[in-house]
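Next up: just one chain, as structure tokens, the form predicted alone.
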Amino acid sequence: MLNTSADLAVVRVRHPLKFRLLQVSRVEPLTPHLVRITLTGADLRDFISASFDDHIKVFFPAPGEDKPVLPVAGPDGPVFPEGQPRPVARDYTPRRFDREAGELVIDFVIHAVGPASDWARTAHVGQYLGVGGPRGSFVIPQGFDWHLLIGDETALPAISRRLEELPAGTRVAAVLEVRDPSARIEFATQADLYTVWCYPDDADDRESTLLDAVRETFLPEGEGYVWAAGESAAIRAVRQHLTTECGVDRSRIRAASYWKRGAVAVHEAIDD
């Protein structure tokens, strides 16, 4: 049966905003640069994550504190307690949610410096984190003729989840830029996966490294969808290439900046 435009329509789903206090139950190093943290808690009973690239706001305890200060959901967004400093917060992908087990999994990329990396590097069972959201989901159908997934290390959790969820035999290519071969991971998937790994020669080479790898990637005929996330300038360059040089319709690309060189806590869609 041929897919129709209705079958391939992207759907946006909104979720009630809620903030949850959760506790670490497992810590698993996946690579020298990636740590998996499993969280549990009664607050997860109504947690919802409908898409592989959902993002949640993770709140970290202040130095010397056991638990983070959490806001409550007000009519215009989060409302923090008066007289208390706001906690450090960063955006992360829900890597996996097991409702039956009551477990939420988040994979943390370890950078040289930063409050989230510092916390994850020394995380241990029993510690507390706060989680807000997700506020909504951008649900991309699985029935396209092909899928192209592009990203750096920060996109690995979302890409891994997508590959796990795609049906057997789905045609998919993944173009991935990581700092060195030790950052590569194995993907659990039933999809027909073609993977390209690339490594920047230096920190200033990220934009061209990922773009060059995408340029060399074959785009097949048929209805396809591209998902790309990572450093802002690199993903903008990739998106520009796909739309202007490859003729991919903008409506068939979801691109996001997960971080931006020289900036702090950047997480935004790229759609201009």
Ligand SMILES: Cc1cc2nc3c(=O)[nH]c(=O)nc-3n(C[C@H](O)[C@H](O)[C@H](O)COP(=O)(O)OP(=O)(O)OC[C@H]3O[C@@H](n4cnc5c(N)ncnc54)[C@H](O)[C@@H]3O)c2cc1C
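Computed from a predicted model, the values in this text were never measured in an experiment. All residue numbers refer to positions in the sequence shown, first residue = 1.
FYI, the form predicted together with the named molecule isn't displayed, but the following is about it.
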Is there any non-hydrogen atom of residue 157 lying within 4.5 Å of the named molecule in the predicted complex? yes
Quick check on residue 262: any heavy atom within 4.5 Å of the named molecule in the predicted complex? yes
Tell me, yes or no, whether residue 117 is in contact with the named molecule in the predicted complex, where a contact means a heavy atom of each within 4.5 Å. yes
With the cut-off set at 4.5 Å between non-hydrogen atoms, does residue 184 touch the named molecule in the predicted complex? no
Looking at heavy atoms inside 4.5 Å, which stretch does the named molecule contact in the predicted complex, given the options 75-83, 134-142, 107-115, 186-194? 107-115
Interface residues of 76-100 toward the named molecule, as seen in the predicted complex [heavy atoms, 4.5 Å]: 90, 91, 92, 93
